[in-house]
Ligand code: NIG
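Listed next as structure tokens is one chain, alone, in the form predicted alone.
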Amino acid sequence: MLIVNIAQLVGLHGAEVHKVAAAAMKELPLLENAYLRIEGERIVDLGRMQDLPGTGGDEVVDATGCVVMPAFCDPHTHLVYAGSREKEYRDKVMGLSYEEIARRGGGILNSARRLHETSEEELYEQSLPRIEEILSFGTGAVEIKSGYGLSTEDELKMLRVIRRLRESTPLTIRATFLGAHAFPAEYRNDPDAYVDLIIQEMIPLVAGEGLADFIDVFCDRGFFTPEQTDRILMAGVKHGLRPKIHANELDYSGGVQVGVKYDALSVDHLEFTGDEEIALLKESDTMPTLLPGASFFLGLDDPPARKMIDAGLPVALATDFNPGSSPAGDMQLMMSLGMIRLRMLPEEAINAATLNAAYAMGVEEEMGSITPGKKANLIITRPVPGYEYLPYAYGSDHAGKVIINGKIIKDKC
């Protein structure tokens, strides 16, 4: 495949660039009036149209007036779930907090009950349209967590559905074991016993079946303490699962500190992030991952993205696609919220949703930038004035064509 007459070809980071931080997030390497050549699943060549060596034998795609950019990577989702929770959002509008809804048996426990009553086949059938939807928006790689099982049997059921989605769809999928998402009702008075169950039974079985790439813990006020998180991550690391952390969504929880201690690939949410957390993250390889859809939907304070970037950190963006706090899987919208709510520049938002997001799920050597040798996961936009228009014109679907693994899977141009 040969894409020609590209108005702007953006995200041309070199193969040696795995993430960008601080002032480098404002840099978005690009070519104007460009071409890009694909062979099989890979990008093999690119350059200016005036230097195009020839088109013999190629399937030619004309991208006149269009931006071509890397497909999105979404490094934090919970898109395998049963049912929805729109009635709880009514409670939220009426003034109940996230924690109050959880204490009434709603929230994560509500999703856990629904999931327990749903067969593995039905759970797969409910999840597949969500995969198809995010593909249509231009997402080429996604991380999916368990965490609505909260029992050994149901956590394994979720992870097997994630494995089946990986095998049956063109998306690159990474799986995360999140048994430590909430405490089941029966362990409310003995939470450490549930931690023991996770460590002694769930983690060995998950690792034994090869069902997860990562392990995650919801370390926050009203959920798992730093001490409990430490125990769980230690056990996960011993079984070959690299940590990722839900941290500091509801308070200064200590989750960032535990995550950095265990070399977490990412620490996610971070609405409460101060100087201490920023200093620790600057000395680490951990990617701060921001979920603006969740803070927007729940009416929480936004994470201090501007302060973090200006202090020298990288940041990634993710959707947090889930039924309770961010029922949207659209990375185009997350870029817009990055600008509107987090005060990010368009170049920063694009880098955060592509290269840095790829790093946050461990696929940066294969995708996240337009680089010869990487997978041909691309978005060809509809005709637009330029890349700055993409996060600016929020609510519009700018993905005219989506190319995954070198094949066009959406063509609405």
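Every value quoted in this text rests on a predicted model; they were computed, and no experiment measured them. Note that residue numbering begins at 1 and tracks the sequence as displayed.
One more form of this protein exists, namely the form predicted together with N-(iminomethyl)-L-glutamic acid (NIG); it is left out here, but the text below deals with it.
The closest heavy atom approach of Gly324 to N-(iminomethyl)-L-glutamic acid (NIG) in the predicted bound form falls within 4.5 Å. In the predicted bound form, N-(iminomethyl)-L-glutamic acid (NIG) stays beyond 4.5 Å of every heavy atom belonging to Phe224. Contact check for Ile108: a non-hydrogen atom falls within 4.5 Å of N-(iminomethyl)-L-glutamic acid (NIG) in the predicted bound form.
Mapping the unseen interface onto this chain, Glu249 counts among the residues with a heavy atom inside 4.5 Å of N-(iminomethyl)-L-glutamic acid (NIG) in the predicted bound form. With N-(iminomethyl)-L-glutamic acid (NIG) omitted here, the record of contacts in the predicted bound form names 76-84 of 76-84, 125-133, 259-267, 280-288, defined by a heavy atom within 4.5 Å. This chain is displayed alone, yet in the predicted bound form one of Phe137, Phe214, Tyr98, Phe183 has a heavy atom within 4.5 Å of N-(iminomethyl)-L-glutamic acid (NIG); that residue is Tyr98. Proximity of Tyr148, Phe218 and Asp320 to N-(iminomethyl)-L-glutamic acid (NIG) in the predicted bound form is complete: all three residues have a non-hydrogen atom within 4.5 angstroms.
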